[in-house]
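Here's a solo chain for you in structure tokens, the form predicted on its own.
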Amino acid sequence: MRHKLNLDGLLGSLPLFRNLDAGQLSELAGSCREVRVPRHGHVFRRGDAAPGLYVVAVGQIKLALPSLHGNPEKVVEFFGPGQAFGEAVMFLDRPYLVDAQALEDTLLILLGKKDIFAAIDRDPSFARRMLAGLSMRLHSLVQDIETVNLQNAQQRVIGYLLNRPREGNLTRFAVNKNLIASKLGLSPATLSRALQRLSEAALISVAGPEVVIHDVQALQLRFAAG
């Protein structure tokens, strides 16, 4: 996997860096480091020191709590091209609590802590955008906790489908169903049964990674009814 990157363009396309001028972007890009991770390879593991902020240029990354005492890992989040991760632990100056693993051949851009802090000093709005990103991540984690603790299996699956990007009535699973099940706090078998019941009710059709939602309103009512 070889990609020639326009780092200035990549960074400038991210909301996090949108207010930096060309000189600042060029300076920041000059301090970046490319990190290539093969499929199933790890970017970092729980307990590793946090060197900075990672941006996905190509590929996909999974964050997960590692398996302990024979229990399966717990998927926390997925990140695709243009998304950044690792900033929260960087600010705390503590080791990572999760593993980061590539789901496919992946190219990352690493921005070191020192350079991130320098960008914050130059542009206070950069700090505000980082805070906004962290706040959104916290909100998402709270929603995940609510999902696992207050919703049944059918509601979790419906909520996932309704929140996925759609092209008309078509949506797609972002990753394989086993990983989705882990993120939703379900077993793969339970996820499959929930999808089967929704299909039998003619609310959705599933073909591989593609899901056709036949009636969004009916699916929303099914979610509300539990």
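As the structure is a prediction and not an experimental result, all values here were calculated from the model. Residue indices: 1-based, along the sequence shown.
There is another form of the same protein, the form predicted together with another copy of the chain; it is not shown, and what comes next is about it.
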| query | finding |
| --- | --- |
| Candidate site L68, Q151 and G185: all three near another copy of the chain in the predicted complex by heavy atom within 4.5 Å | yes |
| Contact residue in the predicted complex, from M130, A84, L107, L103 (heavy atom within 4.5 Å of another copy of the chain) | M130 |
| In the predicted complex, P72 touching another copy of the chain (heavy atom, 4.5 Å) | yes |
| R46: touches another copy of the chain in the predicted complex, heavy atom cutoff 4.5 angstroms | yes |
| Residues of stretch 110-127 in contact with another copy of the chain in the predicted complex (4.5 Å, non-hydrogen atom) | F117, I120, D121, P124, A127 |
